[in-house]
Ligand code: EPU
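Single chain ahead, written as structure tokens, the form predicted on its own.
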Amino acid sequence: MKLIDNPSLSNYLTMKIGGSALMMAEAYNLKDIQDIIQKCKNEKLKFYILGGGSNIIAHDETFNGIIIQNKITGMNVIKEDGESAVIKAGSGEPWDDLVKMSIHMNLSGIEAMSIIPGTCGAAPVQNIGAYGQEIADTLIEVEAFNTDSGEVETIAAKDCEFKYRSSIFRDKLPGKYIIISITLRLSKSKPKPPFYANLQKYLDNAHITDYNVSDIRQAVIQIRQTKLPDPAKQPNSGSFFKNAIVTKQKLEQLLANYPNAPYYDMGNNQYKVPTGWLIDNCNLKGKLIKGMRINPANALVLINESASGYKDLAAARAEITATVYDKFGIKIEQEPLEI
């Protein structure tokens, strides 16, 4: 375990804003986690788990507690048969390293989630997804430390209460569990169409018809790199807004006024409307608000060009959400969590 006093959170978050914390602790194993949580209990300190820092926004005020940076590693095949392989990964492993391992083994199920930033442990929290895949589709279970009881629990995927960009770890019981490892079942079968529309268009234009995981990964990388700025060069947290989920009634109201509005049927009377389309049709794409630039290539992304801190980000968020609601009557929500 490594301890750092008074770290500046902006140095650890890809949006590059935020105040400091009392301490940061790098946890390399379960004992480190146990010791840090016990320290927090003894000293009545708050704690927060940090993965890659790509989906977290920090406030300007000092965090009165310990930021736990997850460094638990390891990736192993623990079971295999003729149809699938089961892989267990440490929660601190970079997510894309797990994707690359699956590609090397010619396993399908997470290839469309290539180069999503962050760690394996953060993936179930957010129920990450891209181009028609979500981690909920392949997750078997997570191993998690219960900060209340001090016990390690195995939580089955069915008990994670996965929804669109949501889970029990994010919404219902935030802070109760610290994920130690994740276990996925990946298929030995080739990826099967139909694919997400943008992905299929790319494959068609490239004349790719014999689909394999390597081709899907390369296609996704090419598409994402044209839409998502490199946070090392342009500070951002990836998709800042979730796509809007609306009822059939709300969708019909939208289509009555905008017949060409894109949408996706999610079942159960729920429809996904791309928030990027909503923002773009408010003529906000490319606009600079309080130092935050709405990405000209993808309106879901906010780029920190000159924001002085969280208050500027909050002001930009408020203007964007109000403008979208005033025009469409649809409330859009922030995707990154907050410290």
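Bear in mind that the values here come from a model prediction, so they are computed numbers and not experimental data. Just count from 1 along the sequence shown to find any residue number.
Just so you know, the form predicted in complex with the ligand exists too; it's not on screen, but the next bit is about it.
Per the 4.5 Å heavy atom criterion, the ligand in the model of the complex is contacted by stretch 191-199, the sole one of 191-199, 142-150, 166-174, 246-254. Heavy atoms of P231 never reach within 4.5 Å of the ligand in the model of the complex, leaving it off the interface. Not displayed here, the ligand is kept clear of G74 by more than 4.5 Å at the level of heavy atoms in the model of the complex. In the model of the complex, the ligand stays beyond 4.5 Å of every heavy atom belonging to D312. Remark: A27 does not count among the residues lining the ligand in the model of the complex, judged by a heavy atom distance of 4.5 Å or less.
A single residue from the set K227, K88, R185, K100 has any heavy atom within 4.5 angstroms of the ligand in the model of the complex; that residue is K227. Residue-level contacts in the model of the complex: of A307, L300, I68, I57, one residue has a heavy atom within 4.5 Å of the ligand, and it is L300. For the marked spot (G238, K285 and E335), a heavy atom within 4.5 Å of the ligand in the model of the complex is present in each of the three residues.
Residues from 25-50 do not approach the ligand in the model of the complex: none has a non-hydrogen atom within 4.5 Å of it.
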